[in-house]
Structures are given as structure tokens and as C-alpha cells.
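Quick setup: one chain, the form predicted alone, written in C-alpha cells, and binding and motion questions come after.
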């Protein structure tokens, strides 16, 4: 499908999951992170490139047709740290992609771009963003950046509002937000290979029983989840006591992200 595909954040939790799963989509898989990446396997290239370093990111994108952009901070931090890694860094990726003529970016956004909606409502990607912290704010910025680069330069993006991607859900909230690793792969592959996407926003979740997010508007991407959190429900509900429904982390879709962070 691609001569050279770039995976940023390749040393992170989801980067390590996708690294072996993306090799079949390209002749060369270029991997980048500021953390240790180990040794390059057949068909891999390793390039260390801090996202804050514009020149390094420009070199990183040379010869790349598509990007799976997972790089940056994945949890709540001080705004200055989020600004450098997630906001400035993502801008550098898009600008380098434009300069080198990359065709598509799969951007790891987050459900925390809409974390202040309540768990009692079902929302879709066309509704206004309601970020629940600096991290969610950076993902909202990334989606707006993607829209700008499509409108201005024709660079296509699928923004994936990833829920909770783990081997299994670990709490009651994840019964709604869980994304299995196999469904994560299906989601990224669909985002990379759909014929026309423009700028599409899609929630990353498995076929869970409890639904907070409606992906109907993004059905043209062709993502079809095959896993579900339901087999884990009984054990989780028996193990985790009910949270006081008046507490923000029980009432809001962003969970604990809505109350934690370096705020004074």
C-alpha cells in the first residue's frame, strides 16, 4: 500500500502494539520516538526525532507517504509540557508532511477531546468538542489543525478519538470506552486504506454494549469492530464498587481526567 509509512511514538504502549502489525502495509516502516526502540527488524528504519525539533521532524518525514502519529504525551501534564510535545510537535508533523507531500495522516486524538459530556448522553464526532484537560485540549487542537491542513493543502487525516486501548478493560468506565488491540489494528488499517477520507473524526472503541459515541458519520472509513467488553462485565462489576454517581469521574465521559491535573 505504501512505500514508506511512518509510526511516531513507536516506543509507547500503543506504538509497540502497532509496530509489528503495520509492516504488511508498507515496504519500509519508519519508527520514531525519543525513547529506546531496540533494533530494527527487516523492513524497519529507526529515527530518533524530538517532536519539538522542527528540523528533526522535517528530516523524519522525508520520503514518507503516510503517517500514524501517536507521538507526544498521552496523559495529563503541565501546560508547558503539553504545548511542546502535543501542540508544537503536532504542528511540526503536519508542516513536514505538507512540505514532503505525504498523502495521509492518522492522528491519535482522544476521547478526552469531548470528556466533559455526560455519560448519560450519546454524542457523535460532529458535536462541539469539550476537552477535559490540557491533554484533551491538545487533541482538540490537533483535530482543528488536521481540518486546516485538509482545507488549505488537501492533506487527508483520520483523527481517531481513542477510548481505552488495553489488553482488557480494567474498570467500569472501560466497559464503554474499551478498544481491543485487534480492533485498534482494524481501526488504523481502515483509516490508512479507505479511498477518500478528507478530514474524518471517528471514535476508537470496540463493539461494546454501553454506547456513548455514535460513529455513523464516519462509517465511510469502513471500520468494523469485532470485539466487545461484554465478556469482562460480570467480573469487573463484582470487583469494582459503584462510584458515587454525583462525583465528576462517575458522571462525565472523561472520567478521572475531568478532575485531575496540575491545576491550582
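It should be emphasised that the depicted structure is a prediction, and the values quoted were computed from it without experimental measurement. Numbering follows the first chain given and starts at 1.
There is also a form predicted together with D-galactaro-1,5-lactone; it is not shown, and the following applies to it.
- Contact check at 4.5 Å (heavy atoms) against D-galactaro-1,5-lactone in the predicted bound form: all three of 75, 110 and 135 pass.
- Although the partner is absent from this view, residue 173 contacts D-galactaro-1,5-lactone in the predicted bound form, with a non-hydrogen atom inside 4.5 angstroms.
- D-galactaro-1,5-lactone is not shown here, and in the predicted bound form it never comes within 4.5 Å of any heavy atom of residue 79.
- Taking the partner from elsewhere, residue 164 is found to have a heavy atom lying within 4.5 Å of D-galactaro-1,5-lactone in the predicted bound form.
- Only one listed stretch (119-127, 151-159, 164-172, 93-101) carries heavy atoms within 4.5 Å of D-galactaro-1,5-lactone in the predicted bound form, and that stretch is 164-172.
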